[in-house]
Each structure stands twice: as C-alpha cells, then as structure tokens.
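Have a look below at one chain only, the form predicted on its own, in structure tokens format.
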C-alpha cells in the first residue's frame, strides 16, 4: 500500500496562526446557516472595482492580451509604478527597479525568499499582520518580535528595534501604515532606521499596502525617506487602494541587483501575471485620483462613525488609526480578554471581530474592527457591541 509522505515545507505552512480566523470562520458558518451576522474581520474592501478599470481590462481581453508575460512584469505597469514612486520621492525610480507579482503577499514571499537563508533572523515590530509569520516559517527564518506598547498607540519603538538587531539579523521588516494598528512611522524615524540598517549590512523591507489610505497628510514611503536605497525594499499593491483584492496585483521596488534575482525567482515559480490585468493595473495607477480619494474619504467617515459610537462606552478604548481600514479597540475594561470578547460577542450579538492576540501578545487586550462595511451596517454593529457590553 502506498504510504504518503510530504515535505517539511507543508508542515511549516500549516503552522498555527494563533486562531486568528477562528471567530471569522465560525461567523461565516453561522451566516451560511441563515443567521444574522455582521462580518468585521477580513480586510477585503466592500467597494466594486471602479468601472473604468473593469472596462479597460475587458478591452485588453478583446484584443488578445491573454498570453505569457515577462517574469518581472509588463513594462507598461513597471513604468507606471516607477513613475508613481518618482513623483512621491526625491529619488528617481526606473522600471528596472520594479518587479510585478500576483499580490503583495506573493511579492513579500519572493523578496524574503531572495534575502533569507534558514536560520537567519528577521526583526519585526509586533502587533504584526498574521501572514508574516507563515512566510517566515516556510523559509525557516527566525522572527524576533519587538513588542509595541498600546499606551503609546503602538508607535514604533526605534530603540527597541535597534537593540534587537545582532550579527544574525538579515532583515528588519516594518509595515507603514500598519495593519492592524493603523499607525504611521514618521519620516525621520524611517530615515534613521534605514541608515542604521545600512550601517549594519541589514536589509530594511517595508510593507506599504495601505499607503493610499492615510487620513492625516500624504503618506511618506520608506523609499522617499531613506537617504540611500541600496538596502531598501518597498512592497505595495492595488488590493486595498483600488478595491482590486481579487485581481492579485502587487509589486516590489528594490535595487536592480535584487530585482534581477526576483526575476529569476518569478520565472521559476509563477512566470508572470496575466497581461490584461497588468494593462488595467497600469491604467488604474495613471487615472486613479478621483476614486482613490472617494474611497479614502468613505473609510475616514466610517472610522469616525465607529469611534464616535464606541466612545460612549466606558469599558472600551479605541486607538485612533491614522490610516488603513481597521480600528484596534482595547476591551480590557469589559473584564474580558480580546479573544474572549470576540468569541462571546459573536455568540451574543452576531458580530465578528478579530482577537488582538492573533497579531501578537502586545494586543491581547484588544480586538480589531474592520471598516469594510457600509456606514449603516457599521452603525448597527456598534449598537450590538454596546448592547453586548451593557449585558456584561
């Protein structure tokens, strides 16, 4: 009889995710059973992809843009990304410094695959997006988590980051605007961190997928802040900003030598993204001012609505996000941990939120509330949360 055997990679990919999506999965099951559930877990925009982008993709489908694409991506999209970076940075960017991937997660996995060997250390501020751990586990890299303090609104602790770097550190990995916290790393701190890492021969990688949803001034990217770019990598994409999560478009902006290695990696693993999707993505970046601004303003109004409603409850304290589409809410005043609060809230009121400890122990007293619902739905969710807190 055949005895199935699997690689160690499959075991590492099955690493525990701290039950991050247990509440969400249970909520989806309740929804399938016909129960009245409000989902506030996953960061998938509820907006339709803007019609001009859809029309553009269809037009390229009709003219036959359905064949193999270069491993690094279509030059049209690479140039559009480079132009955007040039407009927002003192450093000119060329298409040869851009690699296109099917989504920012894939871009991050490719970047880390080209930078890390098994046993290398990666310093990451925590709370952190739950997907980071899976990538590092797959690559057998060791995560050195640097806790951020809730009482400082999860602001970057530059001193602690520096202290965590040692001879085994290959990458410092930051996220701004942050998920789940909505915090933004100030320009001066990004510049200082980039210089510090460069002096110690360490890569600095920055996930900036919420870059276009900054509510307090224009986003300043790592690339715009760093004095030198030879150790700097920036990853971004269209999933959030253009409501294109299902289109799977992301990119890395990096030194040319790394881009060449990313091209080799992409050629060996996925060999390009669909042509017509890249064509429409280039169009989106070149014609996006109005609808990105409209979506950002809608998310801001949703944020303000939820903050206003939950401020009425003495048992909850919401951290005000400066960007993104989530609110971190400290529920310790309710007498419950974030995990117990999220589980009991779903059972009692049919509202699903993510327990904070899914993002790391620094957020164990919190839950993450998503804003990917219309305002009237968010208002109803807040009423249910208020009723649940009153019942406690």
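Model, not experiment: these values are computed from the prediction. Numbering follows the first chain given and starts at 1.
Form predicted together with a small molecule: not shown, discussed below.
- Of the candidate stretches 79-87, 110-118, 189-197, 204-212, only 204-212 has residues whose heavy atoms lie within 4.5 Å of the small molecule in the predicted bound form.
- In the predicted bound form, no heavy atom of residue 221 sits within 4.5 Å of the small molecule.
- Within this chain, residue 129 lines the site of the small molecule in the predicted bound form, having a heavy atom no more than 4.5 Å away.
- Not displayed here, the small molecule is kept clear of residue 150 by more than 4.5 Å at the level of heavy atoms in the predicted bound form.
- The small molecule in the predicted bound form is not approached by residue 303, whose heavy atoms all lie more than 4.5 angstroms from it.
- This chain appears without its partner; in the predicted bound form, the one residue of 231, 169, 239, 137 with a heavy atom within 4.5 Å of the small molecule is 239.
- Scanning 104, 259, 295, 95 against the small molecule in the predicted bound form with a 4.5 Å heavy atom cut-off leaves one residue, 104.
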